[in-house]
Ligand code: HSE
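As structure tokens, one chain now follows by itself in the form predicted on its own.
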């Protein structure tokens, strides 16, 4: 055990402190599992004035000094975002350092290029913590499930939105009230846009789809809707029909292409994902040989995500001990994506109307022209001579539904199309 692995941290926020604490608290077990000792050599931060409970001599604001230091073997990148993370990770690899990152945006946008670079240098680049926090998702896709054609994936990949939707159901709260509660409890940021508009989930499902498909899915090819238009009324209607609303990231293979989408989704109460509540995350996978598999657990936070970072570090350390070349598994760029317009699924529609004769008939005529048939329907009277038509369609094409709704909303009898939610039955 002559060699000591020297580690440099880029960033020391929630994830970084969790990973650092695990290295310290479980040092003996980690050394035993790797076969080599280790030490944290430097920690790159922005603000040195903040008290962190760690030897202050470890901290530096010169992040380049970490990736350029020839004595550092492993860089742990937990800054987040692309700038300056992409430049620093690339520099670390070019200087012969293994990299562990928890940066979902970085991998979603630059994963293929960086993993190819790592492979060309005989280095590791691992990113388990980028998706699912403490839930092992990346490694099973790259290894245990790699022999399968992964036909479909559906995931609750953001704890903030899952908590909000859970509170809306359990407390019959409006979206704004549930969001405020999530912010008060520290589950949502002051600016929750990345979470509630599906951006965070979009990064994560694109990474999973890239691994499964063997080519990087461009982030701008991911269809995305958030949860801000979901109301307690929609959640109640869903429950009355035996469904629950979740924000899902969905990837499905369509021949040689993949369709990747993020949006609120109604799923049957009998589906395994329907019982995943609060801040928990889960990924459901259907493979051609393995069948249905689901992973679930705490998807964010200092300890779970830090655990995933250190799990990756152990893989790197074992590789250093064995003296082997890097185990990074590259994937190419240019994954072909199937258009959202060609999606065929069931739809939940809530339309507010004038409470007048022939209203239902006029709407039905529009649906009929677009070959959309209704499976179930509820109607109720609202105050001020308004009404509400709520329905589930039979399977219909996305392009047809959007065209019909664009036409419906201009009918004199229609006040507005309040909600459109896609329904997944399997």
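Residue numbers count along the first chain shown, from 1. Bear in mind the structure is a predicted one, so any value in this text is a computation, not a measurement.
Keep in mind the form predicted in complex with the named molecule is missing from the figure; the text below concerns it.
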Quiz item: Among 126, 204, 246, 97, which has at least one heavy atom within 4.5 Å of the named molecule in the model of the complex?
Solution: 204
Quiz item: Using a 4.5 Å cut on heavy atoms, which of 164, 76, 157, 217 is close to the named molecule in the model of the complex?
Solution: 157
Self-check item: Proximity to the named molecule in the model of the complex (heavy atom, within 4.5 Å), stretch among 298-306, 169-177, 265-273, 352-360
Solution: 298-306
Practice problem: Please run the contact check for residue 200 against the named molecule in the model of the complex: heavy atoms, 4.5 angstroms, yes or no? | Solution: yes
Quiz prompt | Contact flag, residue 195 vs the named molecule in the model of the complex, heavy atom cut 4.5 Å | solution = yes
Quiz item: Heavy atom within 4.5 Å of the named molecule in the model of the complex: which residues of 97-123 qualify?
Solution: 104
